[in-house]
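One chain follows as C-alpha cells, the form predicted on its own.
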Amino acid sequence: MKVALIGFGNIGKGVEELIFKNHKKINELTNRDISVKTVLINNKGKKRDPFNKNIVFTDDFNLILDDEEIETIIEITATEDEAFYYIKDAFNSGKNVITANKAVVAKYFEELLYLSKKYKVKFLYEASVGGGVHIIKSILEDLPFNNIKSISGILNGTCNFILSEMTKNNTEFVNSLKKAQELGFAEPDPTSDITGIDTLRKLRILSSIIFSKKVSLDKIFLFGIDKINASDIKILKDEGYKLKLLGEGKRQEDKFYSYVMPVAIREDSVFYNIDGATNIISYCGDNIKDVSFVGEGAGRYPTSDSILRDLLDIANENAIEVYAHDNKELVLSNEDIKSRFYLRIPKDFYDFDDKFIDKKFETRENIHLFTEKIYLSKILDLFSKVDRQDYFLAKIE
C-alpha cells in the first residue's frame, strides 16, 4: 500500500519517520508493503529531509489523486475548508483518508461520514481527539452493547498545564501562560486553547459519536480559562477545590447536555491528580460502567502513533466506523444544567439573590460567590449585565 501525506509539519514528519522506522514490523502485521510515496506541500523550494529519500514532494494534489498506487491519504494540516476539499476529492478518487485535523472533523463531521460511505472508502480520525489517548476506537467498540450516558475529560494540555502551574506556584494567568509557551505547551497564539475552542471541537466530535446525532459547535456551552486570575485559584484552593477545564457530554433521561467550562473538583475526582499537559477522558456505559484513558494529548509521536493505528486498521480491514449516526440536530438543554457554581463578579455589578448564595468573599474589586444549586440560565441572566472581561465562572462538581 502506498500512502500520501498532506502536510509535512511536526506531525507529518513524525508519521513519515514512524512508517519508515517500523517498515518491517508494519509489513509483518499487515502482510503488505506500506510506505509513504508522495507528500503534498505548499513550498516546493523549501528543503526537506525525510527518512525515506525516495519520497516525492509536490504542490500538485492531482498528482496524488491520479496515482492508482496510492490507496490512503493522511491529512495533517490545521485548515478547515481547504482540508475539507482535500478529503472530499480524496473520497471521490476512491482513496481512504486518515486525519488528525480536529478543526475539519468538528466542522464537517456528518458530511465526511456521509461522503466516505457514498464512495465506499474508509474515514478514520483517531488522532483528532486526545493525540495518543486512543479514545475514539474504544468508544466505537463499546457503543453497540452500551448506552454511553456520559463522557467528560481534560481535553487540552495547554489549559491543564496553565491551571496546574497557577495552583502549584500561586502565579497569575499571564505568567503561567508564558511558561507554557516557553516550554512548547502553548502556541505563540494560544487563543483556541485558552478560550476553550480546542476543547469544544474535540467535545463536539465525542458528543456526536456517543449520542449518535449531530451536536453542533455553536450549540455547546463554552466558557474558557482566559479570564481566570490568581484570586480565583486561591479561593477555590482554600475551599478544597482544584480547577480543571473540562469538556462534558451527558444524557439524563430525555435531555442532553454538552458543555466546556472550568470545573472545581475535589480530591476524590478521577481528574484531580491529572496535572501538567496530560489529558484524561472518561466515559460511562451501562455495561462497562466507568472507564478512563490517560495519556499525552498532543505532540509529534503520540499523535503519529494514533495515525499509524488507523493505518494498520485500514490495511488489515479492521477499521471500525460509526454504526448509526442520525444527521438530525440534537437539541441540547444546557441552560437547564443545575449545579453549584463559583462566580467572580465586579462589586459595581453585583446583583444576585442572596437565597442562592452558600458562601461569599470580598476582595478589593470583586465579590466571589459559591452558590447553592441553581440553573445555569440564572447565572447567564446575571452575566448579561456584565462585561465579559470582568467575570469568571466555574461549575462545582
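In this text, residue numbers run from 1 along the sequence as written. Note that the coordinates shown come from a computational prediction; the quantities given were computed from them, not determined experimentally.
FYI, the form predicted in complex with a further copy of the same chain isn't displayed, but the following is about it.
TODO: Tell me the stretch among 169 to 177, 248 to 256, 220 to 228, 262 to 270 that has any heavy atom within 4.5 angstroms of a further copy of the same chain in the model of the complex.
DONE: Of the options given, it is 262 to 270.
Task: Partner contact for residue 118 in the model of the complex: a further copy of the same chain, 4.5 angstroms, heavy atom - done: Because no heavy atom of residue 118 falls inside 4.5 Å of a further copy of the same chain in the model of the complex, the answer is no.
Open item on the list: With a cut-off of 4.5 Å between heavy atoms, is residue 110 one of the residues that contacts a further copy of the same chain in the model of the complex?
Closed with: Although a further copy of the same chain is absent here, residue 110 would stay clear of it in the model of the complex, with no heavy atoms inside 4.5 Å.
- [ ] May I ask you to state whether residue 157 is within 4.5 Å of a further copy of the same chain in the model of the complex, using heavy atom distances?
- [x] Outside the cut-off, so no.
TODO: Indicate whether residue 238 is a 4.5 Å heavy atom neighbour of a further copy of the same chain in the model of the complex.
DONE: No, residue 238 is distant from the partner.
Task: 144, 288 and 302 each touching a further copy of the same chain in the model of the complex (heavy atom, 4.5 Å) - done: Checking in the model of the complex: 144, 288 and 302 are all within 4.5 Å of a further copy of the same chain.
Task: Answer option from 80, 296, 89, 71, heavy atom within 4.5 Å of a further copy of the same chain in the model of the complex - done: Looking at 80, 296, 89, 71 one by one, just 296 meets the 4.5 Å heavy-atom criterion.
- [ ] Report the residue, out of 348, 353, 28, 335, that has at least one non-hydrogen atom within 4.5 angstroms of a further copy of the same chain in the model of the complex.
- [x] Contact residue from the list: 28.
- [ ] Go through 296 to 317 residue by residue and record those having a heavy atom within 4.5 Å of a further copy of the same chain in the model of the complex; state none if no residue qualifies.
- [x] Heavy-atom contacts within 4.5 Å come from 296, 301, 302, 305, 308, 309, 312, 313, 317.
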